[in-house]
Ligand SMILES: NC(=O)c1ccc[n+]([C@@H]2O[C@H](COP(=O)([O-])OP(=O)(O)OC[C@H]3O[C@@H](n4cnc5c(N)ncnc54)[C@H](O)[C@@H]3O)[C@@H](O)[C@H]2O)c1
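Only one chain comes next, encoded as structure tokens, the form predicted alone.
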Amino acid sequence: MSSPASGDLGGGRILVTGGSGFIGRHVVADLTAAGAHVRVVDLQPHADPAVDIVIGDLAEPEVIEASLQGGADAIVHLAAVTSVLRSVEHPELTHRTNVTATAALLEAARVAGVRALVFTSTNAVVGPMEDPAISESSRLRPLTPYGATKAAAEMLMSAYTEVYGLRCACLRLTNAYGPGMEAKDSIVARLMRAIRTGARFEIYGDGRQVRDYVHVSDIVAAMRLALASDSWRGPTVIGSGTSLSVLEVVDAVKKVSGASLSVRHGPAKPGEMPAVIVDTSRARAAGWSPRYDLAAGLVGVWQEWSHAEIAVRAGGPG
């Protein structure tokens, strides 16, 4: 790659773990357009058959070896168990994927001479809010196996940065949304799916819990900066900076779609944080700022969902 100060990723060899997923597909397309040589490692094939891909589980040593065959300058590490509810149901699998595989990847990256790694972490590493807003200095107190394993991965990366000089930037993302999330089970995707299928949407709890929603294009922009600049290291909060209640998100989706939606309230989920309000001042000082608020970002999401073929799922909330 060119010097970090130039911000030019052209010619760089970049491994994207989890590159066939929602965020990963956007990252791969962006880096490829920037002239980087991208390789993906994922459990699933990539939508673009032209992408260089290693299919397999990062917890298997031979998969990591194949992924780094020929070397790499940088890694974007997205592969993870990302569902909070799934992590509660399968804590051992979550640890294996989010911690054990990450530790093996870091060590292989060190041996291979990788210079930088960008990691998708989460605001869930801090647990309940103790300050007016979540920042990089907030105390780590995760409530779920998902948050705990992401925090553990951050600690490993801190050590590899300080001891081995493998610069790790941990992007603590809020709720990601955007085009290409048809397979996701997050709130925006669930709302879109409910509208398309005519199902009743279940709100967990009273719906007054607030969250920050960040568009996938803004996440990709942060990753580009984190790959290119040595000033990005350790945790950085990435979010829109505006928090909305679940009820407000429901109203926003109904407005952009122009559709009616039947809702019901169900029990709150274990480990759910009552409020997520983030301070993005560190990211902004490093040259990043979000381009999308939720109202603007939902336009493209609905445009895609309105034309998609949606299968009716049996047994889901309805």
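Residue numbers here begin at 1 and follow the sequence given. Given the structure is predicted, the values throughout are model-derived calculations rather than measurements.
Quick note: we don't show the form predicted together with the ligand, though the next part is all about it.
Visitor: Only one of these stretches, 103-111, 128-136, 170-178, 239-247, has heavy atoms within 4.5 Å of the ligand in the predicted complex; which one is it?
Guide: Only one stretch qualifies here: 170-178.
Visitor: Considering Ala29, Ala275, Ala66, Leu43, which brings a non-hydrogen atom within 4.5 Å of the ligand in the predicted complex?
Guide: Checked against the cut-off, the match is Leu43.
Visitor: Looking at Thr161, Ser121, Thr144, Thr94 here, can you tell me which has any non-hydrogen atom within 4.5 angstroms of the ligand in the predicted complex?
Guide: Checked against the cut-off, the match is Ser121.
Visitor: Consider Lys184 of the chain shown here, and say whether it contacts the ligand in the predicted complex, taking contact as heavy atoms within 4.5 Å.
Guide: Lys184: contacts the ligand in the predicted complex.
Visitor: Contact with the ligand in the predicted complex for Leu78, defined as at least one heavy atom pair within 4.5 Å: yes or no?
Guide: Yes, Leu78 lies within 4.5 Å of the ligand in the predicted complex.
Visitor: Report whether the minimum heavy atom distance between Ile23 and the ligand in the predicted complex is within 4.5 Å.
Guide: Yes, Ile23 lies within 4.5 Å of the ligand in the predicted complex.
Visitor: Does the ligand get within 4.5 angstroms of any non-hydrogen atom of Gly12 in the predicted complex?
Guide: No, no contact at 4.5 Å.
Visitor: Would you check whether the ligand, in the predicted complex, lies within 4.5 angstroms of a non-hydrogen atom from each of Met192, His215 and Gln303?
Guide: Spot residues vs the ligand: no contact at all.
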